[in-house]
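Next up: just one chain, as structure tokens, the form predicted alone.
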Amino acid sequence: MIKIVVAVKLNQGEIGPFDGAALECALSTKNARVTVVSMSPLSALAQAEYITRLGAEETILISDEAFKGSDTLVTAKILARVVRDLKPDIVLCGRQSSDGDTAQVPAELAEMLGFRFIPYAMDFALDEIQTRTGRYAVETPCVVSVERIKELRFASYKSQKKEVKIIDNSVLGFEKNEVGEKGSPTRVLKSFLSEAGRRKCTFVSAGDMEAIVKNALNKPFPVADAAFRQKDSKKIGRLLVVGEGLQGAAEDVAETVIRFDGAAVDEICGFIQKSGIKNVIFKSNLQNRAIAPAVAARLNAGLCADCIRLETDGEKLFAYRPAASGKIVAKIACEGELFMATVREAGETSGDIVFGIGYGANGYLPQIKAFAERIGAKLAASRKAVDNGLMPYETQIGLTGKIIKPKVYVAWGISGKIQHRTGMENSGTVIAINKDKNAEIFDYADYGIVEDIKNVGGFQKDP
């Protein structure tokens, strides 16, 4: 019988959609002994007890006041100490929690356990895993991060609650300065509500769209990311950029920019240690979101995830990143000898016109694609459209996708949640099409068309 440990976070007593998918993958696996491990406050005990009714053999709640405020690195250390003793064949984790959105703990946990790491699972089986980047044979032991590929089952009304095993620091034996805020190398210095991208929307008729697009293409393109550039001349000495991109962001804050093209964790760690460099950034993409946390775990360093801005006082680097699903922006520092960050590069997709496909465009995709081809528009997508198979992942924009800044962005059937807006707010002119006049996307669009999609292009819905 194979042993599967599922690591979940119970945020305000709720299990997030990614962690729920990971747990459902484990529970759906035949001949598997499933143990659920959650590092959460004691207030999450009721939800942990509910999880015991779903079919896991054991549920463990790791909880201690000393652990409060732990960042991803420390969280991974605490989880690793518990998981190691369970001797699992496979550890399943949701790709990211619903509040932090860093996607760092699975990779850090794998590195600390010495397990192979397989990220972005789209289909899970004991012999083979399909991921966003390819298909991989399962070699145990391994840690697998899971996308939102399943819905967690509900407990049967006949199921009986089991006892939750509670583990605190008296069992784990961490020193007080190793865990919690004291042990965490990343520090949130301040946070503020994000109002980026808000615009004044003019509502127009469906027949006006092509004329608006044509006029918008002739407008000067605004420097949309100017607010995120450092405005003074203070710079640190050296900054390492791993891989391609980020040259402009790096030169804004450093006198000397060094580029290293190695992609393996061993190579990157060796170069950092040999060079003695103290500041390292990675372009925030699928590959680096798996590699950078492993490097951070190996070097015991803090890592700021998905940063939208770098800043320096001439001595230290600081990073700004969205948090709480993009609702706030936090300024973060890394204590200790090494600063690391994955940084978003504004405008990852070029092009004059981009059509954003939302789930509301379901049934009209071939017609919208033909329309896009006729006027020379590239295609992008919301996360919900990707999760439901309408569009491939590489087209996803937003908090868990990429950032774009075309001259014209047309949102087809997109509600406009903050996760999506983060990826398109730098666009020149935004046109939103949604039959719901109260859709949030209109607060972030220059022009709004309140219509069913079929009335915008004269489309007939697919049978």
Ligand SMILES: Cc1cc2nc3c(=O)[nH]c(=O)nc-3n(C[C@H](O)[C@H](O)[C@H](O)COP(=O)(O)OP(=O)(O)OC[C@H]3O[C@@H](n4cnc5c(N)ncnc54)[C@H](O)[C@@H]3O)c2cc1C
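All residue numbers refer to positions in the sequence shown, first residue = 1. Note that the structure is a prediction, hence the values are computed from the model and not measured. Each form is matched to the other, and the largest set of C-alpha atoms that superpose within 1.5 Å is called the rigid core.
Heads up, the form predicted in complex with the ligand isn't pictured, but that's what we're talking about next.
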Query raised in the report: Tell me, which of 98, 130, 287, 191 has a heavy atom within 4.5 angstroms of the ligand in the model of the complex?
Result: 98
Requested in this report: Please pick, from 394, 49, 436, 58, the one residue with any non-hydrogen atom lying within 4.5 angstroms of the ligand in the model of the complex.
Outcome: 436
Report task. Look up in the model of the complex whether residue 26 has a non-hydrogen atom within 4.5 angstroms of the ligand, and give yes or no. Result -> no
**Report entry** Any non-hydrogen atom of residue 419 within 4.5 angstroms of the ligand in the model of the complex
**Finding:** yes
Query raised in the report: Is residue 383 close enough to touch the ligand in the model of the complex, meaning at least one heavy atom pair within 4.5 Å?
Result: yes
Query raised in the report: Taking heavy atoms and a 4.5 Å cut-off, does residue 401 contact the ligand in the model of the complex?
Result: yes
Requested in this report: Please determine, with the chain shown alone, which of 353 to 361, 246 to 254, 138 to 146, 332 to 340 has non-hydrogen atoms within 4.5 Å of the ligand in the model of the complex.
Outcome: 353 to 361
Query raised in the report: Which residues, if any, of 26 to 58 lie within 4.5 Å of the ligand in the model of the complex when only heavy atoms count?
Result: none
**Report entry** Displaced residue check between this form and the one not shown: residue 413, CA, 2 Å or over, core reference
**Finding:** yes
Query raised in the report: After superposition on the rigid core, does the Cα atom of residue 336 shift by at least 2 Å between this form and the one not shown?
Result: no
Query - Large Cα move at residue 364 between this form and the one not shown, threshold 2 Å, rigid core - result: yes
